[in-house]
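Given as structure tokens, the chain that follows is alone and in the form predicted on its own.
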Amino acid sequence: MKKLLVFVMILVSVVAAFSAQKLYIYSWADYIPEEVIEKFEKLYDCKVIYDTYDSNETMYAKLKAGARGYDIAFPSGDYTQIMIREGMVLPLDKSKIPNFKNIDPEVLKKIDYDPGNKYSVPYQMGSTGIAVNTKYLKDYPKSWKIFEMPEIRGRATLLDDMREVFGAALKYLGYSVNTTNIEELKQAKEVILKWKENIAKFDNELFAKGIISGEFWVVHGYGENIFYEATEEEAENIDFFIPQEGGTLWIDNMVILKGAKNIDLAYKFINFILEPEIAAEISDYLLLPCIVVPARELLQEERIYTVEDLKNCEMIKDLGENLKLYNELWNEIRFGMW
């Protein structure tokens, strides 16, 4: 009798597991704390299946190739625009996302890739900036002009990213990061060539380790990468800032994919993410600016930078055919092709 009872209990648990609602999410790695996922599963008696990608291009290519079954994805602004244009996402019923009201209106003003947020809800925003190891450099401007300081020659890096570096130089000159004016772009090229004389290399991979170890004194990069790698003691020597002239801006978004099977659960998840307590927990995990206003008073950790620090930053847009102007000038900068 006991064996039969145990068998029945196991059978019931297996059936329950298979019958539980499932939400399929396709997103960046380490972008939502596991504790947040577990809280959502417990609250709605469901199971979240979380698959990851390492770039917008990877996500887009997989979905375009016919990958089915995902309910929610987290594209950046430019890819959100592309996916809207190509009918890959569903229009939103905002009445099912009452916590949308919690999002900072100043953040919403920056969203020109989905006017009125008809298809997308912002999740996180941020920027690249400059990190200084203050053990080695004490006096410096909080400006892109820092890359012109003779003291840092051979001790600095810029990202190996055409739009990020051009964006920095264009903002330094007072221009848009999306300009297609050839004269403005040529001026930006000259600024970058001047910076190039001081840097050790263009680098996307080792800037965090380099600034922490002291190999580099000034780096252009992502603050969250640096502070993720640094110990508490090492972090005390790192000053990360968004230059006063501004720079580039990114916003990642939550969208419900066309073909989603669990639409109601997807709405519940998006609304859950915008709960002040949950938004604060996520922001403390990522150390990025908190875009949910009522969550800000609940934050436990110090931000790397705030939404206010991003006021002069600008979204990178898809420039279409005009991108070739950047490519030609970038080749001249990187490889000396004249």
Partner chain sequence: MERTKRFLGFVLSFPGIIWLTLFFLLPTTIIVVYSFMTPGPYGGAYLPFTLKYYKMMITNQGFWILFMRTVVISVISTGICLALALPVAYYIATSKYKNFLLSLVIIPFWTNFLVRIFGWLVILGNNGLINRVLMYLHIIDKPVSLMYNQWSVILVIVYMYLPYMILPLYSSIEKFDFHLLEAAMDLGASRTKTIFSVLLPSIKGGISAGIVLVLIPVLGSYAIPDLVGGKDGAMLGNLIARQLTTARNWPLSSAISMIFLLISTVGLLVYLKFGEVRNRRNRVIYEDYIKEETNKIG
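Residue numbers count along the first chain shown, from 1. Values in this document were obtained by computation on a predicted structure and should not be read as measured data.
Here the subject shifts to the form predicted in complex with its partner chain, a form of this protein not shown in this document.
Undergrad: Taking 4.5 angstroms as the cut-off for heavy atoms, does Y123 touch its partner chain in the model of the complex?
TA: The answer is no: Y123 has no heavy atom within 4.5 Å of its partner chain.
Undergrad: Even though its partner chain is not shown here, does A20 get within 4.5 Å of it in the model of the complex, heavy atoms only?
TA: No.
Undergrad: Is E38 close enough to touch its partner chain in the model of the complex, meaning at least one heavy atom pair within 4.5 Å?
TA: Close contact is absent here: in the model of the complex, E38 is far from its partner chain, nothing within 4.5 Å, heavy atoms only.
Undergrad: Verify the contact flag for Y24: yes if a non-hydrogen atom of it lies within 4.5 Å of a non-hydrogen atom of its partner chain in the model of the complex, no if not.
TA: Y24: no contact with its partner chain in the model of the complex.
Undergrad: Would you confirm whether the three residues Y50, P141 and R296 all fall within 4.5 Å of its partner chain in the model of the complex, going by non-hydrogen atoms?
TA: No residue of the spot touches its partner chain in the model of the complex.
Undergrad: Which listed residue (K145, R85, K118, K96) meets the criterion of a heavy atom within 4.5 Å of its partner chain in the model of the complex?
TA: Looking at K145, R85, K118, K96 one by one, just R85 meets the 4.5 Å heavy-atom criterion.
Undergrad: Of these, E34, E277, E301, E57, which has a heavy atom no more than 4.5 Å from its partner chain in the model of the complex?
TA: The residue in contact is E57.
Undergrad: Tell me the stretch among 68 to 76, 173 to 181, 236 to 244, 214 to 222 that has any heavy atom within 4.5 angstroms of its partner chain in the model of the complex.
TA: In the other structure, the partner sits against 214 to 222.
Undergrad: For 302 to 320: residues with a non-hydrogen atom within 4.5 angstroms of its partner chain in the model of the complex?
TA: D318, G320, in sequence order.
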